[in-house]
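This document starts with one chain, in the form predicted on its own, laid out as structure tokens.
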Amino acid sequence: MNTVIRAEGLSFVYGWEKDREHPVSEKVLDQVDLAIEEGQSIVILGENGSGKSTLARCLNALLCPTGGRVLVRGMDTAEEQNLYAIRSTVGIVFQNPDNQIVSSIVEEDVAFGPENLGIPTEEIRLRVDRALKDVGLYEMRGRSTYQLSGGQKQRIAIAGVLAMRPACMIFDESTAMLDPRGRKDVLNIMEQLRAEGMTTILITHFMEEAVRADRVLIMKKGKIIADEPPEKIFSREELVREAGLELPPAIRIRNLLRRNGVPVPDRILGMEALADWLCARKKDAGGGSHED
């Protein structure tokens, strides 16, 4: 697999640039080593202040490391001539949809990024239409952005990034301010992008959003303290608790069932999978042994 992003000894201190002689002593990121391969789905977890969002901004060159380096397809984020190419390669969608809207018309907002990249007009038209279809808002392309719901605005923000054709997308708490329906819409788009082979990085505090990832990273005090598939991460309950986190709801129920003699298998991580397994087990009851 090809490496899209590599962090080597990445450190970051807010205030360093302003006062290099007397920098703040506490590092927000502290010697982070990380490699993200093409097509992987990554979830980053951690309590507030653990460094998640700062890491996201370093990965697409919105912030420049104060120690170590970040390479995006071999391009160093500290070199100014690389910034355009890096931000075209690694797109980012933030938490608040209202802060990401730059135009009053939907299709104009989605076109903003490609226009800044100098893409020809005909190509921009094709990209905007495709991106709006990908997020399910093509029929609303001429509508005012002020008429959209929070979830629709977030989907427009995603379309704006998609129109720049990135190799990787970072979702930095992108579902945090949405209602359940809006969250589901954004997560469905992420699943679609993942199925199409795009590299995705989700930063979230909703633990249930982590169970479908290829890798789950847990951060604490600026360090990555765990980097494993979700089934391994969530089998280490003590580690999760020490990081200030809770287990996903389905895994808490799974563990409770196990303590009461129900042999729920390790692969069951989400609520739908748990419900399906319990229904299948109920149907099989009395009909011989049940295969886990």
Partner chain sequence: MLRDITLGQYYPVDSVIHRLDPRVKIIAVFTWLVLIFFIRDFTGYIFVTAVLAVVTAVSRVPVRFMARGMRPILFILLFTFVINLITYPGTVLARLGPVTITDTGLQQAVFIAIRLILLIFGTSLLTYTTKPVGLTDGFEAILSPLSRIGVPSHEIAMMMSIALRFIPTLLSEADKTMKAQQARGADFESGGLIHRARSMMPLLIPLFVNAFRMAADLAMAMEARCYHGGKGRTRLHPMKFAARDYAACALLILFAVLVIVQSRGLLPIPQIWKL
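Numbering follows the first chain given and starts at 1. Everything numeric in this text was worked out from a predicted model, so none of it was measured.
Just so you know, the form predicted together with its partner chain exists too; it's not on screen, but the next bit is about it.
A.B. asks: Where, among 199-207, 213-221, 121-129, 178-186, do residues come within 4.5 Å of its partner chain in the predicted complex by heavy atom distance?
C.D. replies: It is 121-129 that comes within 4.5 Å of the partner.
A.B. asks: I'd like to check something about A78: if you look in the predicted complex, is any of its heavy atoms closer than or equal to 4.5 Å to a heavy atom of its partner chain?
C.D. replies: No - in the predicted complex, heavy atoms of A78 and its partner chain never come within 4.5 Å of each other.
A.B. asks: Does L257 make contact with its partner chain in the predicted complex, using a 4.5 Å heavy atom cut-off?
C.D. replies: Residue-level check for L257: no, no contact with its partner chain.
A.B. asks: Looking at the partner-bound form in the predicted complex, is N60 within 4.5 Å of its partner chain by any heavy atom?
C.D. replies: Heavy-atom contact with its partner chain at 4.5 Å: present for N60.
A.B. asks: Using 4.5 Å between non-hydrogen atoms, is P166 touching its partner chain in the predicted complex?
C.D. replies: So P166 does not count as contacting its partner chain.
A.B. asks: Here the chain is shown alone; which of M190, V72, A111, L137 has a heavy atom within 4.5 Å of its partner chain in the predicted complex?
C.D. replies: Partner contact (heavy atom, 4.5 Å) among the options: A111.
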